[in-house]
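First, one chain by itself in C-alpha cells, the form predicted on its own.
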C-alpha cells in the first residue's frame, strides 16, 4: 500500500508534526509519500529518502515540487498539464491547529480524498478542552472539575491550590503551568493567554495515576494498544514531549488489574463511537480513588502512538479498510424543476 503522510501546517505544533512524520518512516513498511504543508499553507512533495528536520527549518523544502489540492488528490504541474500524486490514502499527521481543529479534515472531505484521521466534528470536539469535557460527560465518562477563564475576565478561581492552567485549544503541553500558590497565578495565566484567549483551570492532584490507551475501530471490532503508565514528573513539558513524539520503541504494558484495564477500554469505546470513526486516537485517563476520568482525547497522537502497538502496520492497514463513507448526494434539481413545471416554465 502507498500511504501519503500530510504534516506541518500553520500551528504552534508545526515542529512536533515534522518529528512525528519522520518517526513513521522507521515503523511503517508501506511505501510512504510525504506531503509537507508549510506555515503559508502551501503543499510540497518531499522525497521520502531525503526527509530530514533540517530541510524544513532551513527552508530547503522549497526546492521540491509544489503541489495543489484538487478533487481526488494532490497534483503537481508538468509539461503537459498536471500530474496526480499516486497514493492509496493519506494520514492526517498535522498536530494542533489546521490538523486537529477540523480545517484539514474539511479540505480532504471536500476534495473526496480518503484519509485516516479525525473528521470535522471529532476535530472540533477534541481540539477544544471545554467541548471535550462536555462531550465526555454526555457519553457517561467522568472528568475532573474545571473552570474556564477568558483573557479579559476577572482572574479569580475557587479551587484550592495547586491547580493546573491549560490553554483551551492547544496540545503538546504548550503554555501549561502547575500553579502552587495565588502568587503564581497571574504569571501562569499570562503564559497561557499567549496561546489562546481562554484557559482551562483544573485541580492538580498529587499522586493521581495516569494511563494512556490508543486504538481504533476496524471491520471486526476494536484494535487496542497496550495500556501505558507514563513515567513523568508533575507533567510533561514541551521539551520532553518534543522528544516523546519521535518515539518508535515499544513501551512496557502498565501493571494494572484486568478489571481496571477493562474499565479503561469501556471508557475508550464510549468516547470513540461514532465521532472518531476513521481515526486512530489516544485517550489519556486519570484514575483516582478507583474511578476513571478522561483527561484528554488525542485525535492525532504523537507519531500516531506507534510505540503502543505490537504490530502498528497491521493496525493502520486494518483501519484503512474501515474508513467512514460520505453520504451520497444525487445530482438533481427535482424541487426547482417541479416548481418550474407547476408554473408552466
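Positions refer to the first chain, counted from 1. Keep in mind the model is a prediction, meaning the values are calculated, not measured.
One more form of this protein exists, namely the form predicted together with a further copy of the same chain; it is left out here, but the text below deals with it.
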query	finding
Whether 43, 107 and 328 all lie within 4.5 angstroms of a further copy of the same chain in the model of the complex by heavy atom	yes
Region of this chain that lies against a further copy of the same chain in the model of the complex, out of 250-258, 194-202, 219-227, 177-185 [heavy atom, 4.5 Å]	194-202
4.5 angstroms heavy atom contact with a further copy of the same chain in the model of the complex for residue 272	no
4.5 angstroms heavy atom contact with a further copy of the same chain in the model of the complex for residue 134	yes
Contact flag, residue 84 vs a further copy of the same chain in the model of the complex, heavy atom cut 4.5 Å	no
Close approach of residue 54 to a further copy of the same chain in the model of the complex, 4.5 Å, heavy atom	yes
In the model of the complex, the residue from 316, 308, 37, 294 that sits within 4.5 Å of a further copy of the same chain by heavy atoms	37
Of 157, 130, 144, 208, the one that lies within 4.5 Å of a further copy of the same chain in the model of the complex (heavy atoms)	130
Partner contacts in the model of the complex for 96-115 (non-hydrogen atom within 4.5 angstroms of a further copy of the same chain)	98, 101, 102, 103, 106, 107, 109, 110, 111, 112
